[in-house]
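Below you will find one chain, with nothing else, as structure tokens; this is the form predicted alone, and questions on how it binds or moves follow later.
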Amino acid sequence: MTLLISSITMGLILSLLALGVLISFRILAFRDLTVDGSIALGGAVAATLLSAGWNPWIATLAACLAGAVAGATTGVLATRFSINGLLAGILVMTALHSVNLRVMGKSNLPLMKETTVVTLAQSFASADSRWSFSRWEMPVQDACVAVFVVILISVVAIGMLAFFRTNLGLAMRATGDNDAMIRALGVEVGWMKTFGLALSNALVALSGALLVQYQGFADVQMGIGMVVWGFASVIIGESLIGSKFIGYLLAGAVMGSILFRLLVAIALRWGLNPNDLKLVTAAFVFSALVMPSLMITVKKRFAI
């Protein structure tokens, strides 16, 4: 039961990454690779400030702002300097590796006795209290953390849904659908893309900040392959939901992240070598990409 709750909690934390990728990948139609660097940046900033004794909420907010700056930098490179979007993301991601090392001062920074948002959530229950349900048993502290993360993700998702229904949010969605049309209506496309990438990477950095507080350490390599995780979560969510409505897309990204994390946890539970985790992740992404078209082909053949 503890493994299940921890896997769901981790999936929920990483769903913020999926929501950020959803903005860049689906809303803006921008293939942003800054994600690998901005999630580690969020974790590095949060861990460094927490180690210095900062309030955990302020440290988490600072991590979001740092991620927004990273995303805005990618947007400026792509729109103002006419650099290919993929290349702009790679440039910023590469630079962030050194930035993260500078921020932390070393490659790994543990959070041993620091007060974090996770420890604040755990403080609502005693360390030895446990819940029992039939044959299942789990610490109440784990449940408190899971509830806290559920509430946070719900607030973020509802806020995003409300934002994308505003004039600014609709303009951002139109920018990804048809930038020529929205430019003709007087919207500054470059600014809109930059703002969207800043918002996307702020969510990614928030995911990184919560992740290091949940794991208890920050590592400069923690962002490797995370963009693949985000793409997989979005694609799996779209396959589950089967709708292009923005509310369903947001819910699908969260569901896809949880399901993806559960699949990884099951693979590890069945004896998967941790060294093969990235290979299995790539296999899951491949399956998520191929499965929708395969299902359509099967339906057509059966219809015939």
Partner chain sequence: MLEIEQIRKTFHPGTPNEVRALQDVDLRIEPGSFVIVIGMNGSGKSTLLNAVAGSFFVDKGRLKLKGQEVTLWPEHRRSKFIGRVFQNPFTGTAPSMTIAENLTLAAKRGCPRGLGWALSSSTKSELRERVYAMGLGLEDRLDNAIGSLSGGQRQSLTLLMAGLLKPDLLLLDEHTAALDPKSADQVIRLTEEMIRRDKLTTLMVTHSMHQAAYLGDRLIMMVRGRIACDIQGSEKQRLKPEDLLARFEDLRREELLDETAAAMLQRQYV
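On a predicted model such as this, the values are computed, not experimentally measured, just so you know. Numbering follows the first chain given and starts at 1.
Form predicted together with the partner chain: not shown, discussed below.
Not one of I83, L87 and A95 places a heavy atom within 4.5 Å of the partner chain in the model of the complex.
By the criterion of a heavy atom within 4.5 Å, A121 is excluded from the residues contacting the partner chain in the model of the complex. By the criterion of a heavy atom within 4.5 Å, G105 is excluded from the residues contacting the partner chain in the model of the complex. At a distance threshold of 4.5 angstroms between non-hydrogen atoms, V228 is out of contact with the partner chain in the model of the complex. Among residues of the shown chain, F163 is one whose heavy atoms approach the partner chain to within 4.5 Å in the model of the complex. Between the options I224, V150, V187, V156, the residue in contact with the partner chain in the model of the complex by a heavy atom within 4.5 angstroms is V187. Of the residues A146, A198, A174, V99, just one reaches the partner chain in the model of the complex with a heavy atom at 4.5 Å or closer; this is A174. Residues of just one listed stretch (215-223, 166-174, 68-76, 110-118) have heavy atoms within 4.5 Å of the partner chain in the model of the complex: 166-174.
Looking at 229-248, the one residue that comes within 4.5 Å of the partner chain in the model of the complex, counting any heavy atom, is F245.
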